[in-house]
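Given as structure tokens, the chain that follows is alone and in the form predicted alone.
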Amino acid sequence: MDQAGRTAWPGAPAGPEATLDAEAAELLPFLKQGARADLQTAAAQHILALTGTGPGRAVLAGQAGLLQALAELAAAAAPAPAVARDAARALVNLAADPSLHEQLLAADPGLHARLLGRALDPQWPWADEAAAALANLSREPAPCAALMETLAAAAPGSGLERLVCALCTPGYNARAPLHYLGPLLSNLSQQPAARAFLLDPDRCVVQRLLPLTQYSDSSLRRGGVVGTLRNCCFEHRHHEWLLGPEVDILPFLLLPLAGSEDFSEEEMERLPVDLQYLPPDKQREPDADIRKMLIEAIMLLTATAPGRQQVRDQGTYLILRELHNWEPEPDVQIACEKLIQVLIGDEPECGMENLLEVQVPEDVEQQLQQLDRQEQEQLEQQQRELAGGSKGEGPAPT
């Protein structure tokens, strides 16, 4: 992934910007179905290289015919494997640029359905690339909503249900790990229709996702699932069900945050069974972003008074207390402190029990925004000081 969190495949450097337009136009005939295999392979390689640079992507965005040919090659069974692979990876790079989403979907209105079919095809070798392209496309609201419409229009059992099945089934595609389905589902869960599907008590979807919060083989899949669960926690009407015995979500959110601390017998009895007497080698979630999302999900579950009481009753404070003492990342520490304050603080006054429905006066909201800015500035200052303190100590391990 690049620094913006989008997936990208590297390509070779492209030529001077002035020649890119001409190069792109000349490549189109060689990308058409039926072109000579060796020329098609070379053209796909060159397109992949162009997508590795900003100027190259900008030029390709203006070539609707080329974009359509690229989409067809990425999903077609006929081309040589290298052609389909490079075409798919070029689409991943193009979709990583939000400014190109409109051109991509205009050039091929069926792109969502085309990529989705390949991402969920258990025999397709480049299913990971198709899933990565969809994950990039779905990061922005409009393409994400369009993809949700495509999923909703799919035949029964072939939309979101099949996506979740592929995500939760080890070895669904023996040739592609499909880790990118995690971020894809997380993006989709920002849509109300997706949350309604995920939170349908008759489908048991959330229960299938919960074990993946401990999926050690991929932080992509693990983080995508945690992001999905966090987004589901915005639906406060479902909190009682999520925290209740049918789902019992809280231990799955707390376990990745727990270490190997030795609590007293009294404290141990306050914890859920799955968090008691953890082994000495128990490790916390290594990814700071995922730790923060787990804390945010628990924070959302404390939005209502009954939710706060259930979270308190399961010893959440004990886990957060130890996490805060251990946590090396300042922004995760801050998130932890905020949740601890909710757990140990006084209950809100009458009429403000549901924190997700409280209407904040405009002047108070401005003050809160100013405090957030100050907090962010302090965080950035701490990070600069830490970076400055590490100079001269040799290279950090990678």
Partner chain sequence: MEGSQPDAADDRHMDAFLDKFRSQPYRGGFHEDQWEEEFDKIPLFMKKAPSEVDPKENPDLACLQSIIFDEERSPEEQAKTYKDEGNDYFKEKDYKKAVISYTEGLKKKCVDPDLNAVLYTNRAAAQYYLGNFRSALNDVMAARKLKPHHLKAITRGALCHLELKHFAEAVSWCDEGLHIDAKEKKLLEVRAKADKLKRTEQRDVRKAKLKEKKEQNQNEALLQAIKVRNIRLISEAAGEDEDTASEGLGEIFLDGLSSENPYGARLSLDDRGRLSWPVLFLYPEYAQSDFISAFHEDSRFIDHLMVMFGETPSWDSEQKYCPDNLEVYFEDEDRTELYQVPPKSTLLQVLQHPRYFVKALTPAFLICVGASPFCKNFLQGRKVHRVK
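Predicted model, so just to flag it, every value in this text is computed and none were measured. Positions refer to the first chain, counted from 1.
Although not depicted, the form predicted together with the partner chain is the subject of the following passage.
Each of D200, R203 and L278 comes within 4.5 Å of the partner chain in the model of the complex, counting any heavy atom.
The closest heavy atom approach of P98 to the partner chain in the model of the complex falls outside 4.5 Å. Within this chain, E265 lines the site of the partner chain in the model of the complex, having a heavy atom no more than 4.5 Å away. Not displayed here, the partner chain is kept clear of R312 by more than 4.5 Å at the level of heavy atoms in the model of the complex. In the model of the complex, the partner chain lies within 4.5 Å of some heavy atom of D248.
The stretch among 320-328, 104-112, 85-93, 205-213 whose residues place heavy atoms within 4.5 Å of the partner chain in the model of the complex is 205-213. A single residue from the set D217, E240, E269, E149 has any heavy atom within 4.5 angstroms of the partner chain in the model of the complex; that residue is E269. When the partner chain is considered in the model of the complex, only one residue from D121, D287, E72, E161 comes within 4.5 Å through any heavy atom, namely E161.
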